[in-house]
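Below you'll find only one chain, the form predicted on its own, shown as structure tokens.
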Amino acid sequence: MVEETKSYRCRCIVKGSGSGEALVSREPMCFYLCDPLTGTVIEKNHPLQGKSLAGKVLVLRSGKGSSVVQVDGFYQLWAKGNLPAAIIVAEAEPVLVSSAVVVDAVMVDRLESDPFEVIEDGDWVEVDAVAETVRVTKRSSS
């Protein structure tokens, strides 16, 4: 089966690069509501509840929660080595951005196409924030 890979322009928020399997949520997220030991989302009724974001490329609408809880959530995940490989946000907001900056979590926004239309759970995604590109390889449907 031939894999399809497409590249998209984006805007760099936090420099760096990361790649991994995509984990997608149209819902905002509070990183404080993740288990730092596993990276698993523990927020009740969140679409990603029970899934680990550790080492994944996380695609989400935006963040939610105060700066204190977001920064602490990011820091605890970072301290345990369970941050996402990279984060693609549809709506960058100051609390989420500043929290990512504190732990140097690779982050981009303004993907030239709607990220929820071009990235699905399980796709392989490569984020190069410095070059401002996102490469998406569609998962094979075999």
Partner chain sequence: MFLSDEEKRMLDGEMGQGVRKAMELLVALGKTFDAERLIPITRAHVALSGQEGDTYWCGLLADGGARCKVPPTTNPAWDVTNLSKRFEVTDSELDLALRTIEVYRKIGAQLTFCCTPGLSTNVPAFGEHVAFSESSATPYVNAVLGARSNRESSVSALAAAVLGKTPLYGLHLDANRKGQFLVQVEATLEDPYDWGLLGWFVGRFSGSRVPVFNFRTLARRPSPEALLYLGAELNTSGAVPMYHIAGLTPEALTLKEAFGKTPPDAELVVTEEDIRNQEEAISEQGGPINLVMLGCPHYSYGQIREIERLMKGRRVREGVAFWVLTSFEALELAARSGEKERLAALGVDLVADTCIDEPCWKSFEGGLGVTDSPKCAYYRERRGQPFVIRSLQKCIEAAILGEVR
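Residue numbers count along the first chain shown, from 1. The model shown is predicted, which means the values in this text are computed figures rather than measured ones.
What comes next is about the form predicted in complex with its partner chain, which does not appear here.
- Using a 4.5 Å heavy atom cutoff, none of S17, I87 and V118 lies near its partner chain in the predicted complex.
- Not displayed here, its partner chain is approached by V97 to within 4.5 Å at the level of heavy atoms in the predicted complex.
- Taking non-hydrogen atoms only, S67 approaches its partner chain to within 4.5 angstroms in the predicted complex.
- Taking non-hydrogen atoms only, R11 approaches its partner chain to within 4.5 angstroms in the predicted complex.
- Heavy atoms of L37 never reach within 4.5 Å of its partner chain in the predicted complex, leaving it off the interface.
- Of the residues R61, R110, K80, K51, just one reaches its partner chain in the predicted complex with a heavy atom at 4.5 Å or closer; this is R110.
- With contact defined as any non-hydrogen atom lying within 4.5 angstroms of its partner chain in the predicted complex, the contacting residues in 70-87 are V71, D72, Y75, Q76, W78, given in sequence order.
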